Structure formats: C-alpha cells, structure tokens
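The data below hold one chain only, encoded as structure tokens and taken in the form predicted on its own.
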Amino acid sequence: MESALFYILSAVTVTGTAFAITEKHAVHAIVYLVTSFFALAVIFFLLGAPVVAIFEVIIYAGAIMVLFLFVIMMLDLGHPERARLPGIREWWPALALGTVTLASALALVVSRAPAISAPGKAIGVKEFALALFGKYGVAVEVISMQLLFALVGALYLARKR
C-alpha cells in the first residue's frame, strides 16, 4: 500500500510541478506549485519524516508561496479586470491533482500503517531544532537574508518611476 501511495504522490508532485512551470498565468502556477508541495509533504510523512512534512507545509506551501504571491501582486502581473472566469479546462488539472493528493493522505491516515523508518536513531523536534540553529545557524541566517534581498528587489522593481 505504501509503495503504491508513494508512486501516486510522486506522479502528482511531478505533474503539479510541470503544470507550474508551463502555466502562463502566475497565480495559477502558484496554485499548482502549492499542490505539488502538499503532495511532497504527504510523501515525507509516508517515509517516516513527519517533522519534515510539517516544515514542508508551513515553510514552503505557507510562507514562501505567500511571498511569491506578494511579489506577483507588487509587480502587478495579473490584471483581474481583463480576466475571464476560468472554464472547466483550467479547473480539471488542479482538481484532479488535489483529489489524488487528498485521497492518498486519507488512505494513509485510515490505514494507520506504521511509517517506514530509516535505519538509525530517530530524533525529536527539540534535538532537530538544536542541530538546525546550533550547527547550521549561519546557513539559516544566510537563507533568511537572501529572502529579504529578494523582497527588497521586488519592491524596487515594483515602485512607480
């Protein structure tokens, strides 16, 4: 059961990412990418890494996508007054990918099968946080500065001349 769910969710992740890359409308691309991130979070949960799954949802599907959406709004890439309502052709890929991801997550929760654990010692959230901010604290700060620079750059590009 786990291997079938893994392959189904892998297909959803790859398909959602491909749709995000090829989509012309930026907001639709973000929706596809969020769907891909949720499927990836379920894969992490399936592989016995619930902390990484939670980080995937909170950090990537939450914070980073909100930042991307903010940048799109600041750059004024979308023009809602000229947009038409999406038809079924635009809705079916997102609905299909979301349905498959939700069904896989529900099947995983209902079956309550033990997660596949990697060989080695499992660590808790506290130990993970201590390692992340102790040993890799500089890397975390560098990444946060890169995100700040990206936001400042987007604001600079969006300002009126």
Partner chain sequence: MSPIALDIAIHLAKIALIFFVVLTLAAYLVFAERRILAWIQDRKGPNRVGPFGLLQPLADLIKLLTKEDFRPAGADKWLFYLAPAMAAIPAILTFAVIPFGAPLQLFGREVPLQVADLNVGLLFFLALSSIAVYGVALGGWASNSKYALLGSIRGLAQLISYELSMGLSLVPTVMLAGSLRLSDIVGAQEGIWFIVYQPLAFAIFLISIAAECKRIPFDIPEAEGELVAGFHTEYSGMRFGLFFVGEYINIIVLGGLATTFFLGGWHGPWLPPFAWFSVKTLAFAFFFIWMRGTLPRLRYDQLMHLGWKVLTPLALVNILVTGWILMLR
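Quick caveat, the model's predicted, so the values are computed rather than measured. Residue numbers count along the first chain shown, from 1. Heads up, when I say rigid core I mean the largest set of C-alphas that superpose within 1.5 Å between the two forms.
There is also a form predicted together with its partner chain; it is not shown, and the following applies to it.
Remark: residue 108 does not count among the residues lining its partner chain in the predicted bound form, judged by a heavy atom distance of 4.5 Å or less. Although the partner is absent from this view, residue 92 stays clear of its partner chain in the predicted bound form, with no non-hydrogen atom inside 4.5 angstroms. Under a 4.5 angstroms non-hydrogen atom cutoff, its partner chain in the predicted bound form has residue 125 among its neighbouring residues. Taking the partner from the other structure, its partner chain in the predicted bound form has a heavy atom within 4.5 Å of a heavy atom of residue 54. The candidate spot formed by 31, 62 and 65 is fully in contact with its partner chain in the predicted bound form: every one of the three has a heavy atom within 4.5 Å.
Of all the residues from 33-51, those having a non-hydrogen atom no more than 4.5 Å from its partner chain in the predicted bound form are 34, 38, 45, 50, 51. Taking 2 Å as the criterion, residue 129 counts as shifted between the shown form and the other one: its C-alpha moves by at least this amount when the rigid core is aligned. Comparing the forms between the shown form and the other one on their rigid core, the Cα displacement of residue 20 stays under 2 Å. The pair residue 127 and residue 46 is tighter in the predicted bound form: their Cα-Cα distance falls by no less than 3 Å compared with this form. If you compare C-alpha positions, residue 151 and residue 30 are 3 angstroms or more farther apart in the predicted bound form than in the form on display.
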